[in-house]
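Coming up is one lone chain in structure tokens, specifically the form predicted on its own.
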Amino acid sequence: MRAPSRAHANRIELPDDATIDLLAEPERRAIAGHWFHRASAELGVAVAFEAFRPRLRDVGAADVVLALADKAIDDERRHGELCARLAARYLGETAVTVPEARSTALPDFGTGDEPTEIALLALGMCCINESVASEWIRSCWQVATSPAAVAANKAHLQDEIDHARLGWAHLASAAVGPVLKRSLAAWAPRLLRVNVAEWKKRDAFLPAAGIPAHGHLSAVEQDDVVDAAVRDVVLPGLVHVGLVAPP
């Protein structure tokens, strides 16, 4: 049995935050809805990493990659609990309701080859999605002034970077050779389009103008952050691991 990591054992403590009580009721409910929905998503990602980890092992992933997968499972569970506590705090409730994990079954790309399937999961789920997530959370952290929002986004950012590293480490390892990289290169544009489209979907709870003091970007700002993450992080990363030729 895998022992709990220090990341999972260390509960993220939120500071007292009088700015939450100054918000109008509609804003508090909007932010609470966002965090409760996100709690379900974070717990779903933990389930996805739990399914991903043994498959990484079976295709001969490096020890450092497996260690990052273990950490990601613990991190995402902790993130889900933190998001649920934030939702309760914005609602002014003392009881914390933790939602069910959102269903996040790992996609089947239909290649019929397990090393290729795992490499595609690493590319889409970690290299692209978690790299964009890191840049998005960093931007949320930078605009936030609410103590609770600053603390939550800082804690998330410290972990999300490692989740992106998992994917980059796998693609840079001996488990992904030149032939497999050529196959991945053909998939990269499609995976980029899918991930960018998901990231640019509008939040069902927050206003389009965002609530920046509490770490929520406007819709326009979010789109700009996603584009910048792809341009400045993901595409250079793909060049670095040999999936895309240098410009």
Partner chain sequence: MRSLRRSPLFSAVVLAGASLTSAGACGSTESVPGSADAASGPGPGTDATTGDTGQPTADAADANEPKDAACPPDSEIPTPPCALIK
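Here the structure is a predicted model, which is why all the values come from computation and not from measurement. Numbering follows the first chain given and starts at 1.
The next section is about a form of this same protein that is not shown, the form predicted together with its partner chain.
This chain is drawn without its partner chain; in the predicted complex, the residue among 59, 209, 51, 194 with a heavy atom within 4.5 Å of it is 194. Remark: all three candidate residues (125, 133 and 233) come within 4.5 Å of its partner chain in the predicted complex, counting heavy atoms only. Among heavy atoms of residue 38, some come within 4.5 Å of its partner chain in the predicted complex. Proximity of residue 104 to its partner chain in the predicted complex: non-hydrogen atoms within 4.5 Å are present. Although the partner is absent from this view, residue 157 contacts its partner chain in the predicted complex, with a non-hydrogen atom inside 4.5 angstroms. Heavy atoms of residue 29 never reach within 4.5 Å of its partner chain in the predicted complex, leaving it off the interface.
Contact annotation for 134-153: residues with any non-hydrogen atom within 4.5 angstroms of its partner chain in the predicted complex are 134, 135, 136, 137, 138, 141, 142, listed in sequence order.
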